[in-house]
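The data below hold one chain only, encoded as structure tokens and taken in the form predicted on its own.
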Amino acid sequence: MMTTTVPAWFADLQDEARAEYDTHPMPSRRDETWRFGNLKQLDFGGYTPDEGSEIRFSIPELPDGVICVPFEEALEKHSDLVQKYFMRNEPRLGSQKFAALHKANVKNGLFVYVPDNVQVEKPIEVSHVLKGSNKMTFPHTLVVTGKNAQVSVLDRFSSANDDDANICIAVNDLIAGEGSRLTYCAIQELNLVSRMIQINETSVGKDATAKAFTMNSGAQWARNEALSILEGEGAHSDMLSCSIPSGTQQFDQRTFQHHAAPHTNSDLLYKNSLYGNAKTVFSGLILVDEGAHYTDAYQTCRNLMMDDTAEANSMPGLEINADQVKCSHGSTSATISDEEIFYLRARGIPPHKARRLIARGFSAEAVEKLGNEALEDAVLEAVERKFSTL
């Protein structure tokens, strides 16, 4: 539970957020940011804010100067830092109302601050375990790196049991300082009667590199909104995702690569393997500001249709307001070819195992771009858990 020593600025912020949530309209079918979205999933009636969901930390030995504490402790002991970086950008991808709900109710999460020239070699891991029935939880992850610093963080989301329906509205603030390397990975394995909204805001400074990876295998419905702002010259951003919906699961993915400075680079790769009557939505935009010359940006969404009844909707886009840029975007949806199956069958692999091997390899391409062995192993283990149920 949150301590009683909440700073005045945060209490005021939460009051303002409650008012904003009450007055902000619900998304509608006329909203471009909710095109193809399932608005029925936004009915949160009967759900109450939860203080009982469990949060577990696995923190390696940290160098001197690194701050790594629960969010409520950071509010008490590092209030100035939290105030400087907490949700400083307004959401732009459709979930402003739910970001306000998160801000008004956030009670737990993680705060990490890595000072200049300090490297944290092993990942910091946080597990959010949803408990109870008809509860809503609002975890927050705030990670800040100083100049030439390095850190990686893994967020896990799971359910205590398979029967309790819950809603998780999670927000991540990732701030990569000049010349730093920040890697964030989220693994979502909620039960199949729960729902999730995850909002990822990444700011990348001069000559910094930020990687944000999302893996979805659980939840009845999940919406991921990922915004990366390349604020400093020479900034680089990787936006990665691997999702495996099955049955009637629906994953809604919205992305924004915002190039606000010249000589910046971003690379987005989203991979979806769809089974049964699953559905995915991908909508991505690359925006290049005036003056952000020599931008280099890529956006790719690939869908592997494992059943004819699955549905994938993809809407990549570009808005370029500068010269000397190199930008590309694209989306593909395809099935496994007979030639691929024949190749593996000729080597003694049964058809159903051959299909699974191909799907695993399809997912692994995005995972390998993490460039962090510990995080890659964690994601691949989650991928394996999902495939073992199919």
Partner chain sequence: MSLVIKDLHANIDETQILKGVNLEIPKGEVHAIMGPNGSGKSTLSKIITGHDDYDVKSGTVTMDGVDLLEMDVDERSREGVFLAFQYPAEVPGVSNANFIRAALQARLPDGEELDAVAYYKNLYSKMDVLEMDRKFTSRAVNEGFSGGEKKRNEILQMMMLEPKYCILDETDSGLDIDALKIVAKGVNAMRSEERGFLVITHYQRLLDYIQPDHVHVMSDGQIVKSGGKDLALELEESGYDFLKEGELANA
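Keep in mind that what you see is a predicted model, and the values were worked out from it rather than measured. Numbering follows the first chain given and starts at 1.
Omitted here: the form predicted together with the partner chain. The next part is about that form.
Interface residue remark: Arg56 is not counted as part of the site for the partner chain in the predicted complex, having no heavy atom within 4.5 Å. Not displayed here, the partner chain is approached by Leu357 to within 4.5 Å at the level of heavy atoms in the predicted complex. Although the partner is absent here, Asp43 lies well away from the partner chain in the predicted complex, with no heavy atom inside 4.5 Å.
A residue is said to contact a partner when one of its heavy atoms sits within 4.5 Å of a partner heavy atom; Arg29 fails this definition for the partner chain in the predicted complex, lying far away. In the predicted complex, the residues of 334 to 351 lying within 4.5 Å of the partner chain by at least one heavy atom are, in order, Glu339, Glu340, Phe342, Tyr343, Leu344, Arg345, Ala346, Arg347, Gly348, Ile349, Pro350, Pro351.
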